[in-house]
Every structure is written in C-alpha cells, then in structure tokens.
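Consider the single chain below, provided in structure tokens and representing the form predicted on its own.
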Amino acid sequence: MVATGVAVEAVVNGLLLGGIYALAALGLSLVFGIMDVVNLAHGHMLMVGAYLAIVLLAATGITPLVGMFLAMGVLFVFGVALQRVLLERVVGEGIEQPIIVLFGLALVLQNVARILLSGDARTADIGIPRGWFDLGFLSFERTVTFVVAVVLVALTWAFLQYTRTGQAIRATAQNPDAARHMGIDTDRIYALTLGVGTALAGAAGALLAMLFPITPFVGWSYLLKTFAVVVLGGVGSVPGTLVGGLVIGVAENLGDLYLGYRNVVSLLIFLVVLLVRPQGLLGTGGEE
C-alpha cells in the first residue's frame, strides 16, 4: 500500500514535470495547427536542445538555464531554414511528403548525435546552489524548471494574442487563402511558426536535461509524450496544451508509483482521448 504522503508527492512533482511537457507539446501543436504538418522530428529537436545545453555547460560552464536561450536561438534558425529549404517545397502537396521528410530528418539527427556523442546518457546540473531554497519534499530542479516552462508558455500565448505577428499567425491558421488575400506573407508565417516550434522544443529539451538522462534515442519517447499532450489538450489551444501537460505529468508519476510503468501511460491516454474526445479537452479546431 502506497502511503498518502508519497502519493501526494508524486502528484505535485508530476504537475511540475507536466509544465515542461506542455512547453514541449506547444511547439508541436503550433506547427500542426498552423501548417497542418505532423513534425515527426519534434522529439529529436528536443534532444538537440538538450545536448546543446549539456555541451555548453561542459565546454564553458554556462548554466543550462542560460544555455537554454542559446539552444532556442540555434533551433529557431534551424527551423526557419528547414522550412525555407525543404518543407516549403512539400507543404500543401499532401500529408505524406512532409511526414517522409521529417521522419528522415529525425533519423539523421539521431544518428549524428550518436556519432558525435557516442550515444552516452548525459545530464546537466541546474547550476543554482540548492541551499538558497528549502522546498521541503518538492524537487528543487522540477520546481525551477516548471516555473521557467510556464513562463515560456505564457509568453508564447501573449505573443500569439497581442502582437501583429501573432495575429497573422492565427489568421493563417484559420484560413491561409484569406490571409494571403489580406496581404499576409504566409510563407514567412510558416517559416516563423516552424522556427518558434523548434525553439520551444529546444527550450524543453534543455530543461529536461536537468531532470533526466539524455541519449540520442530519447526523441521518439518525447515525441509520443508531446503527441499525447496535444491530443489531450486540443490542437491549437495554448491553455489546453498546458492542462494536457499537467495531466500527463501527473498520470505518468502515478503510473510509475502504482503500476511500475511510466511511458505506457502516455500511450494509453493518447488512445483513450482519440476514441472518446478527439478534439481534446479544450480544443476548438482553431488557434486559441
């Protein structure tokens, strides 16, 4: 029998982990909701962001909380270039071609990481003295990374809601043809969207590197988790993505505590929500 205190601790730390899942899933949700592209390389972009933070820490001593922003910048440029060089040629030509391109990219990123980093599992220290805070039974690392993740989710939501570029992104998501007729450069919006999506994945990867070992093969696992969050919260809904991330984080922790299984919980939730409520908890089919 699991003690009540242990279960409460698992729930709270699951909520803290769920904030990072929400951040990771937000990038996937944006790309799918706006570009109608399933980014099968999203988990591997998260892996790249994690390794960038880890390598920066080892080479320069830069804390991952700072390295995260450098990883975001690198992956933003990578996402924009990916759209301009490859995906621009296949987006709108059917769902199969972008999937094939991105699946191939995922394999390339995985194998490059394996060759360069020998496939070793690596982590990054958070770089903040734990003596500064007394958080009781809460995980210090999860608390800090949760706060950073939620702030980034909130900033992304504010960007989409209150800036002209964000409004152009939402208009493109609702009706690309009408957006073009209104003078919106949809090709630029698509490139920007993929850049933002990959940057968010990189940020989530840097945060996860402070919690769990990272290997070149974790991309598939985190891709599944982010899919589960997006399906649960609803495509294009920022609040829904946050709720979905929290639910998945708690469910995984409780599944690990009571059943001894963690990753299978995401898959089960993914399948159940697809069957019962495919639009998700807060999904409306458009950008929130």
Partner chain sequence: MSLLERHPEGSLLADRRLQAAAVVAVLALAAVPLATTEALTGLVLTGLVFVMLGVSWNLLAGYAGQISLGHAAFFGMGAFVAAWLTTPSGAGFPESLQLPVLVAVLVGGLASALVALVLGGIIFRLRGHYFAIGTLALAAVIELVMLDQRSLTGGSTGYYIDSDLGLPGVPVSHGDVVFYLTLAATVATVGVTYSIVRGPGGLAMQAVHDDEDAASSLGVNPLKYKVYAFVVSSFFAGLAGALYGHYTLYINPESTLAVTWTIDTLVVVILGGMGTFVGPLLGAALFVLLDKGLPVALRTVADLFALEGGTSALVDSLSTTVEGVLIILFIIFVPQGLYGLANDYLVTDLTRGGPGEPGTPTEGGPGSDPTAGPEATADGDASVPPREE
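Values in this document were obtained by computation on a predicted structure and should not be read as measured data. Numbering follows the first chain given and starts at 1.
What follows is about the form predicted in complex with the partner chain, which we do not show.
For the residues Ala179, Leu192, Ile126, Leu86, the 4.5 Å heavy atom test against the partner chain in the predicted complex is passed only by Leu86. Taking a 4.5 Å heavy atom cutoff to the partner chain in the predicted complex, the contact residue among Val235, Leu246, Leu57, Val48 is Val235. Proximity of Asn111, Leu223 and Phe270 to the partner chain in the predicted complex is complete: all three residues have a non-hydrogen atom within 4.5 angstroms. Partner proximity in the predicted complex, defined as non-hydrogen atoms within 4.5 angstroms of the partner chain, places exactly one of 184-192, 167-175, 111-119, 147-155 at the interface: 111-119. Using a 4.5 angstroms limit between non-hydrogen atoms, Asp256 is distant from the partner chain in the predicted complex. Although the partner is absent here, Val38 lies within 4.5 Å of the partner chain in the predicted complex, judged by heavy atoms. The partner chain is not drawn, but in the predicted complex it has no heavy atom within 4.5 Å of Phe69. Among residues of the shown chain, Val231 is one whose heavy atoms approach the partner chain to within 4.5 Å in the predicted complex. Residues from 96-110 that approach the partner chain in the predicted complex with a non-hydrogen atom closer than or equal to 4.5 Å are Glu96, Gln97, Ile99, Ile100, Val101, Phe103, Gly104, Leu105, Leu107, Val108, in the order they occur in the chain.
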